[in-house]
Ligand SMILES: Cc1ncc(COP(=O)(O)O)c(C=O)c1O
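Just one chain is shown here, as structure tokens, and it is the form predicted on its own.
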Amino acid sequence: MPSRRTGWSRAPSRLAELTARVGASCLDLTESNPTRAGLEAPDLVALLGDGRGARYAPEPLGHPMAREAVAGYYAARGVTIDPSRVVITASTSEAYAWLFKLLADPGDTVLVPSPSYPLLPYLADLESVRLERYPLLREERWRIDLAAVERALVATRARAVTVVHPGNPTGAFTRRDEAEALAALARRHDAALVVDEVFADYPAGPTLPADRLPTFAGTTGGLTFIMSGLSKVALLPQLKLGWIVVGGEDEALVAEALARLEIVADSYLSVGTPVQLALPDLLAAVPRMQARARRRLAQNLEALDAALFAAGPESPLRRVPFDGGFYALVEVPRTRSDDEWLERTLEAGVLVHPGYAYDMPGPGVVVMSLLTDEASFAEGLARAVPLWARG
């Protein structure tokens, strides 16, 4: 018989049922897949055509060229990273799985933020790890509830604290004082920090506020693992390459973590050679590739704010402030349940996500992707905003 860890319910969710009923005619304002969003892509055939890729000579922690390219990516952001502390993975999801294996025994606890991306419970189940959620304080622009983190660390003896930076879907970059306090808490309670930074290249404005931390990479403190990858950095999820940067002041502890990760990586050898050889050129092209995405994110955000303003001063609609990322949250009247709003919005031919899909505290929030193509996004707003404003 299959294991209990894979015994998830496969019954369709209400969201899936309603979406299936509407079908392909719906304007999808949740589209965050760059390969379906009409964004320019580089000539991958040329970039992946290095003849050396025909030879299989696996390096468990990653090809030296790839590890150096990741270090160069951070150097361009003003952060010095030792390439020997870089581990190449097939994706951020795989990085999570490897880190859960490294840090936790079956039944151990890892702390994760709430609200957050709904993939994490599945990854934890597959590694037989328990998740304990700590709240992000919505009324304080998603500030981390540090007191709740400490209580959870004491109560569960958690092996790691996960930070999504910026949050998904909240878009909140961690404040500098939060990051310092969180690192101190983790170190005091013998827990590692696991930081997911896949959206860190997409602040909502030209610069981050001074009190926000651009990246955990290069910060000092206890054992820290920073994850990112091509899926969002280069808008190329189909190439299946991510990375982990291992940080920490204790050189012996970092070395032990890297040695153990090398055995984990050697057991899978999941990253293809051609994409690793192409990584220097792919990362060199990132500024051009991100420029189109940034323009779209900014244009759609402007369109959303204009549509909410046009709804009038008596409108109950409000965009939740955020620092960056791909997603926007809109507060809608609590006169209807999230599923009722979902159904009414779908009847208007527009798909958004209900807040509960991301463990949002309380009803009355819809989630949409600012990466949606501009024409579809504008038309979707024209249909949905007046509907929401009427309550």
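Start at 1 with the first residue shown and count on from there. Fair warning: this is a prediction, and the values are worked out from it, not measured in the lab.
Although it is not shown, the form predicted in complex with the named molecule is what the next lines describe.
From the list T215, T109, T273, S91, which entry has a heavy atom within 4.5 Å of the named molecule in the model of the complex?
That would be S91.
Any of the heavy atoms of W98 lying within 4.5 Å of the named molecule in the model of the complex?
Looking in the model of the complex, residue contacts with the named molecule do not include W98, since no heavy atom lies within 4.5 Å.
How about V198: is it within 4.5 Å of the named molecule in the model of the complex, going by heavy atoms?
Close contact exists here: in the model of the complex, V198 approaches the named molecule to within 4.5 Å, heavy atoms only.
Would you please decide whether N300 lies within 4.5 angstroms of the named molecule in the model of the complex, comparing each non-hydrogen atom pair?
So N300 does not count as contacting the named molecule.
Would V164 count as touching the named molecule in the model of the complex under a 4.5 Å heavy atom rule?
Close contact exists here: in the model of the complex, V164 approaches the named molecule to within 4.5 Å, heavy atoms only.
Honest question, do Y117, N168 and S231 all end up within 4.5 Å of the named molecule in the model of the complex by heavy atom distance?
Yes, each of Y117, N168 and S231 comes within 4.5 Å of the named molecule in the model of the complex.
Quick check for you: of 98 to 106, 246 to 254, 303 to 311, 198 to 206, which stretch puts a non-hydrogen atom within 4.5 Å of the named molecule in the model of the complex?
Result of the contact check: 198 to 206.
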